[in-house]
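Considered here are two forms of the same protein chain, supplied as structure tokens in two stand-alone entries, structure 1 and structure 2.
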Structure 1
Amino acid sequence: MHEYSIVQSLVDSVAAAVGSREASVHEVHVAIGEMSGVDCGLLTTAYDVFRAGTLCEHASLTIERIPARWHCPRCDATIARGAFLRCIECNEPAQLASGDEIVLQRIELEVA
């Protein structure tokens, strides 16, 4: 289950962003692409287990799912969801434009 390594990186990123300031983290917001290979249910479970004893111990996790979006790399035409992954104008193979990301979007915290 690679969700635990993702959570470890997430908590490490929060700690790096907060730095040496005395702060209380209240909420962590992440964006997860549907093509990222991350199971959001498992990620939430891993976060609940891993955050104990960390800076994020009392912080909730909010996940925004990012849908996959395909486009033509030549003419930049959008490829419709569920369509054949080839541009109908250029006959070029489609390229994934978004939907494979894992992004720490926002940290809500209170600084002493």
Structure 2
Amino acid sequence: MHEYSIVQSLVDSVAAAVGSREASVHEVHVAIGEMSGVDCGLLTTAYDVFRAGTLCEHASLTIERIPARWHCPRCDATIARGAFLRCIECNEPAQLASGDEIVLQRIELEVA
């Protein structure tokens, strides 16, 4: 379960973003793509376990799940879910337009 490693990297990323600011982290927003290989449920569990003792200890985690969208790089037609990953019009191999995100979108800081 690599979600623990992801949380470690997430906490490190949050720490780098907070830097030397005198603030505590209130909320963490992430985007996780359907094709990213990260399971949102496991990420939530890993976060709840791993945030103890870190600067995210009192910060809630909000996950935006990004569905996979494959499209034709030539005509931008969306490839139907479950279909062969090739454009039926252009015969081009499909490209993943979105859905591989493992992104820290923003944090909310509590400032005095």
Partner chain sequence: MCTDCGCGDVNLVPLELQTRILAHNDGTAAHNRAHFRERGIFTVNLMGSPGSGKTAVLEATARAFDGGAKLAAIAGDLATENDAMRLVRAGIRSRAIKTGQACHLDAEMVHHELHLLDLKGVEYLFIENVGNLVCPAVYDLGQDVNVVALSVTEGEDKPLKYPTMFAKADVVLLTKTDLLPHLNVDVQIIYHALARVMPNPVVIPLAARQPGGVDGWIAWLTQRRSAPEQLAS
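Note that the coordinates shown come from a computational prediction; the quantities given were computed from them, not determined experimentally. When a residue number appears, read it as a position in the sequence of structure 1, where counting begins at 1. So that the term is clear: the rigid core is the largest set of C-alpha atoms that superpose within 1.5 Å between two forms.
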Determine, for this pair of isolated chain forms, which one is the form predicted on its own.
-> 1
For F84, give the CA shift between structures 1 and 2 in Å, the superposition being done on the rigid core.
-> 2.6
